[in-house]
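Shown below, as structure tokens, is a lone chain in the form predicted on its own; questions about how it binds or moves come after it.
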Amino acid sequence: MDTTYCSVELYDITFRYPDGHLALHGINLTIHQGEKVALVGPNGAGKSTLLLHLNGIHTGEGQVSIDGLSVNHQNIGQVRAKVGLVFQSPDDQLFSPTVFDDVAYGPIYQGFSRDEVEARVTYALDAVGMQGYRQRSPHHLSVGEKKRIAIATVLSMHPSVLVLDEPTSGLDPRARRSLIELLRQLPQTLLVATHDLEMVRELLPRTVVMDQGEIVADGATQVILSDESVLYQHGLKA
């Protein structure tokens, strides 16, 4: 594979769960550096399963590479530093007594010096507009604040790719708008799995549609979301 200009490349990815369910079948996907891409489709389409292949939580048949680096056991530490994965529920990522501790966890685990950890936490909290929350308990924050802190926990690793699963889920309109504006400003390559088609239309120029473990459409967001037959056929419109 030529991955010279690719942030993400998946080649012929097939994945079956232990119960025999075929979750992904022959997935081929290339995302170039700096692209902002939506991943849409009905529940059970395989979107979250695909995302978990990008940092080696799931490993199927085929090949995945991040910035030209193969996702395998030997490279897993480097890969997970490159791919910032933000789960749908921020409570799955926030487990420390303070916001600082959560955001510092990755850099500390990677063995950075105290000064470098401090610099990375400051950078990450600045990036998400949460500078004043360092000593707050993450468990006492609003859902929108938690989602920003969850993003900060991966930004502290300086990832080249940011992967988000349903980032606007559970947010009120003001928090949703705030999060969209945050994501718009981030320089990383973005891959966002979502049912929020209005966010897709506004933020993500390219859309990939999945259904039953396969990619069934891939193109410009305006074209995909204007195709009524695609939206109806793949559960994106009632």
Partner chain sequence: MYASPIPMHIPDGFLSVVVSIVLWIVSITAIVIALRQTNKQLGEKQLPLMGVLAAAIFAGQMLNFSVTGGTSGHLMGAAIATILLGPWQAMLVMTSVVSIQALLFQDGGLLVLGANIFNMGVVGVAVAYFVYRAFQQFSKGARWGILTGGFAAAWLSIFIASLGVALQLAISGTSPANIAIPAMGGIHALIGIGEGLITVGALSFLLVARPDLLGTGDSRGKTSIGVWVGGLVITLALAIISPLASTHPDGLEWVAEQKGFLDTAREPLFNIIPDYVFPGISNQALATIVAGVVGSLIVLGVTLGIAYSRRRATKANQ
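Numbering follows the first chain given and starts at 1. Please read these numbers as outputs of a predicted model, since none were measured by experiment.
Keep in mind the form predicted together with its partner chain is missing from the figure; the text below concerns it.
Under a 4.5 angstroms non-hydrogen atom cutoff, its partner chain in the predicted complex has Phe95 among its neighbouring residues. Taking the partner from the other structure, its partner chain in the predicted complex has no heavy atom within 4.5 Å of any heavy atom of His73. Contact between Thr122 and its partner chain in the predicted complex is not found at the 4.5 Å heavy atom cutoff. Contact annotation for His139: at least one heavy atom lies within 4.5 Å of its partner chain in the predicted complex.
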